[in-house]
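The chain below stands alone, shown as structure tokens; this is the form predicted on its own.
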């Protein structure tokens, strides 16, 4: 108990950074170690309860941002983890590995590009082999650059869809034969998948596709008792936006301030939603939902 009578959890409520942030860009793919302020992923007020004890999870984009927070909180709940990331993100991935292992769980590092169809299959097979099986797939990695339709090239459009949608499809297809009854697939969607963003035509379209693909997969896999859901965050303080080639430094400084909470989410605030959807104890009767986590904004499905 704090001296003023408040709990540590109450003190934590107002501890998350608010804009303005440094007006500083990151070079793609964007290293979390170079982002100021550093994203918060350790979730000090979260109390694990062995909800994922003995489970094995593959998390794409697990080097940083939401993916890192999910990998760490899954480890705290008792899961062993494999994470995927781009080779240029190796230093961030090593930090995630240290954080996961500090909680006594295994962390397998598997770098590679998810736009490569062959690699997507190899990624799942390697995760299964090194973890001894697979219970949870988190398709989280994403690519985005703000562009107008006139600036958007077919090559950029293709990369966004291959990273955000094709990888989800390919990883799911490869994972299904390995997932047991009670297994879980979770995708990372976005508020842009509901209402679009005039600055992100291709990214918004991929998130809308993820939403509908999730709902269809949930129907197709219900007989196998594999649940399929997605989490749709609003703005989150991760390397994704500061590394967006179309976002000017002055907009980085004010990122997320238009939410009702007047700030972006921290990754540690999003990660518990993934625990909820991965845990049979919490969500055994939930499949086919897109869970909004929007900092006070209300939005319809």
Ligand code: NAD
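Source: prediction; values computed, not measured. Numbering follows the first chain given and starts at 1.
The same protein also exists as the form predicted in complex with nicotinamide-adenine-dinucleotide (NAD); that form is not shown, yet it is the one meant from here on.
Segment that reaches nicotinamide-adenine-dinucleotide (NAD) in the predicted complex - one of 215-223, 83-91, 98-106, 148-156, heavy atoms within 4.5 Å: Only one stretch passes the 4.5 Å heavy-atom test: 83-91.
Heavy atom of residue 255 within 4.5 Å of nicotinamide-adenine-dinucleotide (NAD) in the predicted complex: Yes, contact at 4.5 Å.
Residue 113: touches nicotinamide-adenine-dinucleotide (NAD) in the predicted complex, heavy atom cutoff 4.5 angstroms: Flag for residue 113 set to yes.
Residue 58: touches nicotinamide-adenine-dinucleotide (NAD) in the predicted complex, heavy atom cutoff 4.5 angstroms: So residue 58 does not count as contacting nicotinamide-adenine-dinucleotide (NAD).
Contact test in the predicted complex: residue 179 vs nicotinamide-adenine-dinucleotide (NAD), heavy atoms, 4.5 Å: Output for residue 179 is no: heavy atoms all beyond 4.5 Å of nicotinamide-adenine-dinucleotide (NAD).
Sole residue of 141, 71, 137, 230 within 4.5 Å of nicotinamide-adenine-dinucleotide (NAD) in the predicted complex, by heavy atom: Only one option qualifies, and that one is 141.
Residues in 229-259 with any heavy atom within 4.5 Å of nicotinamide-adenine-dinucleotide (NAD) in the predicted complex: Going through 229-259 in order - heavy atoms within 4.5 Å of nicotinamide-adenine-dinucleotide (NAD) in the predicted complex - the hits are 233, 234, 235, 236, 238, 239, 240, 241, 255.
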